[in-house]
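Next up: the same protein chain in two forms, each one alone, written as structure tokens (structure 1, then structure 2).
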Structure 1
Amino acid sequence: MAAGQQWVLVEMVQAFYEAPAYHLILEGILILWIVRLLFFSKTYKPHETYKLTEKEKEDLIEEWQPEPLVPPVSKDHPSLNYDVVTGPPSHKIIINGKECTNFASFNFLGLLDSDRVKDKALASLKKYGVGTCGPRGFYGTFDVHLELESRLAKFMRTEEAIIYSYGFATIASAIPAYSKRGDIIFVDEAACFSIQKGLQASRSFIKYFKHNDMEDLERLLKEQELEDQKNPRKARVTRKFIVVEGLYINTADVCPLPELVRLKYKYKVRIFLEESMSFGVLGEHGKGVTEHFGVNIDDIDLISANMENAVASIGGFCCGRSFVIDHQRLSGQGYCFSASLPPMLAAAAIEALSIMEEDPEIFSVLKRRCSQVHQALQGIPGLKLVGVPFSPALHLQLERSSGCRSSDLQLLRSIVDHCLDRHVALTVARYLEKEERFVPPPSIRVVVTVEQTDEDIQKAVSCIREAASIFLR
């Protein structure tokens, strides 16, 4: 045995002498490097560069004073005291004790007062009770939900629809379900707050383009294309989306959808369309901005809308192809981790959809009223009307701003109070100034519904004119 071992050793020594020089040098360097790493490298632990003694910690803990949980709110903060509505928020609304004509609720098709809708909701209440007591995955799926989803999909002529129990949460859960860290989203500057929260939750790169400016968008897309050519491997896995609204709630104008579809196919980006204000308003049958422009609905990857405006219920839905929508059933946070929509509200939405399907005349009536109001509100001295003629929710902004947002808001509030005294209900559009990315200028919201008569409109316009002449000189 020993002889054998010795023999192996001799061989080793021989090999050592026969090895080329570079080999030996390389091995030597490697061994020295390993020795250095093992024994001589400085371990970097940031928290241990200095260690506090227990006494020092106690002193710091004693000294530390937190800020108050919330900063104090001044008594005359505009959003502190809400206007109280007694009774139903219908066409004749009792606000702060005064009965007024409603120009402020988003009740575009007048379905809040509909007896048919109420009867169906009551029938559902008598069958199912009020709450669902669980999320969709755990015995919270009712046959009413499935029916509403299939009705919505049929109405919009898409493959599938998914409903959420809260309008705000719809687009705010849909965007992060598809777009993750590293993806790119191109958004219009005037996007509403729920879209902004969805973008924030997605952690993707956000690129804003100027409102309705397709050239600006194309410029951004071209820049992105150049970036992609520099790094094709990364570009193959980076998803790109455009998020726009059909009718913008903040500026009351419409997005140029055919142009967007052209850009979609040219630069290979997907489109997410938010149709809260345009669903049940635009188009011959109320199917929204795709019908208005005659765009094929399959060209839009995802349409999201809430059912709280024209449909006069609560909640929201997304519709599109099954390939896209089915994903949200497992990754939409507001869908999986939240209780489902109460069945009576779903039944009310189904009935509202039926009314919309049976009577498409209602949309042309609404369109006529909108242009009537748009016409009448032109030329009020001191106020300028913002919005397209077929938008049902218009904004009245100050022609000349005083420079200070709070004094502008106070002026507008006094106009609104004046109108309330004369039995016309209006409201100042409210925003979270510090949280919004691009705060819209202060404005009064004027909402057109099918229930308003010619006299109502004339009276409202004359009240506003009167108030403007008193307060804005």
Structure 2
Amino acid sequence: MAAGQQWVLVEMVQAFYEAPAYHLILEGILILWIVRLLFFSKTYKPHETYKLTEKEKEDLIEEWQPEPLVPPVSKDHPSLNYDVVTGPPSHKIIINGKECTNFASFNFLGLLDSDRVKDKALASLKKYGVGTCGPRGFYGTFDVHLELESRLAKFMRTEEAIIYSYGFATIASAIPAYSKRGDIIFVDEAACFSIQKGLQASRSFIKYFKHNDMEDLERLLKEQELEDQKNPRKARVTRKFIVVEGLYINTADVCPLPELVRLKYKYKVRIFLEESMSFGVLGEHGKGVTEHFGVNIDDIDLISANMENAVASIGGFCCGRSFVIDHQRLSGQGYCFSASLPPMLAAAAIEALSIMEEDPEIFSVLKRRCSQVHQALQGIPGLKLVGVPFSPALHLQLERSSGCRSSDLQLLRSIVDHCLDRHVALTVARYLEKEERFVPPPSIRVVVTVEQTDEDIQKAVSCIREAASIFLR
């Protein structure tokens, strides 16, 4: 036993002599560090604290003021002072008891006034009741939901469609259903607020490119391609998406879809297209920006739109290939956890689709009206028109800002109020300024519908010109 221990000691000494110098230095440093910790480190001794008397405690409690739960808001804030509507927000709308011509509601095709749509909704109300009281997976799937999904897929010429009960939640649910932490999303900086909420929920890495600037987008894609070459293993498991709007609600211009498709195939990314403003508006048959540009709809990985504008109902939908859409039935938060769309609204949307299919001329009428309004709004002193001629929701911005956003908003609100007094309903575009990634400039939004007549347009433009001459001297 003693001989064995002696032999082990000899081996240790021999190993010590044969060890490289850096190894010995490292071990020496570790030994010194352990000695320091054991014998020279100072033990923590809490400082003696002064004990407060009961009176001092009471005085401190009385002096303490908690921070407000929310920041103070003035009672004159526009969001706290509503213009109250009585009756349907159709071509003629009653605001604060005054009948006005409607240039504010997104009733692009005038289907809110359709007797056919109303009759179908009323019949459905009598058959199914008002609501559903359950998500789609928990006895919230009605036959009209399946029919609407089938009709939407057929109308858009895609394999499948899925409907949501809330338009805002549609794209906000679809994005995080596919893009997760570690994935990369390239998004236009003018993207609407619902897209921004979807990006936030996805927890993906977001790269913004300048609005409709394909050179800036390609620069970002090239930079990412170089990063992927450095780490191909990570690149293989990282999904990459481009998210854009077909017709931007904040800028009233159209995305350059053919160029986006070219970049998609060149850099191997997926495209998500939000078409709430272009569905039922652009294209010969109202199919949206893909039909407008003649792009094959199969080149787009996912199309999303709400049914609250042209279709004049509530909710939204996504359409695309079956395996893409089916994934949302398991992962789309707004689909899985919200009560399903009320059957009467689904029935109304089905009838609206039927009207759109039977009367494609309605899209040509809307396009002519948009061009007419766009031409009429040109050259108003003090105001700058923003948007393409075929957009049904245009923006009027101040040519010269005062430098203060609240002052600019007040000026625009004065113009809107002036028009309202003369029975023309307009609206100031509003944004959650503290939440928006890029806050658009203040503007008056002018909405075009097929129901507006030449006299309506002439009167509205005259009121805006008159107000501008008064308030923007």
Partner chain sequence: MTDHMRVLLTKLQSRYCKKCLFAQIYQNAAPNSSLYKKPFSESFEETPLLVAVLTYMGYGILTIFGYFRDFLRHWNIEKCHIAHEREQQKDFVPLYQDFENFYTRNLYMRIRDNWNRPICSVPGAKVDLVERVTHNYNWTFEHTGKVVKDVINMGSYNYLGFAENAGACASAAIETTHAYGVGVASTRCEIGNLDIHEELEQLVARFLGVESSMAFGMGFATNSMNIPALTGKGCLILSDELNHASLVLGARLSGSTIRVFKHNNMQSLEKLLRDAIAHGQPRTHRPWKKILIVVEGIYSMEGSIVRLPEVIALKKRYKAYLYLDEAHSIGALGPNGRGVVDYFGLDPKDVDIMMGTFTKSFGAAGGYIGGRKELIDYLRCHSHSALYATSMSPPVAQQIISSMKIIMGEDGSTLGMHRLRQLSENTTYFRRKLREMGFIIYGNDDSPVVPLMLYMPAKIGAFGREMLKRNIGTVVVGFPATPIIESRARFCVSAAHTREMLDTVSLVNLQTPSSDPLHDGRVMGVRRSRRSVSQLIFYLTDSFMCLHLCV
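In this text, rigid core is short for the largest set of C-alphas that superpose within 1.5 Å between two forms. By convention here, residues take numbers in order along the sequence of structure 1, the first being 1. Because the structure is predicted, anything quoted here is derived from the model rather than measured.
S.K.: Have a look at both and say which one is the form predicted on its own.
M.R.: Structure 2 is the matching one, since it is the form predicted on its own.
S.K.: If I superpose the two forms on their rigid core, does the C-alpha of residue 29 end up displaced by 2 Å or more between structure 1 and structure 2?
M.R.: Residue 29 C-alpha, core-superposed: shift of 2 Å or more.
S.K.: Can a Cα shift of no less than 2 Å be assigned to residue 417 between structure 1 and structure 2, given superposition on the rigid core?
M.R.: No, the C-alpha moves less than 2 Å.
S.K.: So that I can tell if residue 57 moves, could you say whether its C-alpha shifts by at least 2 Å between structure 1 and structure 2 after the core superposition?
M.R.: Passes the 2 Å threshold, so yes.
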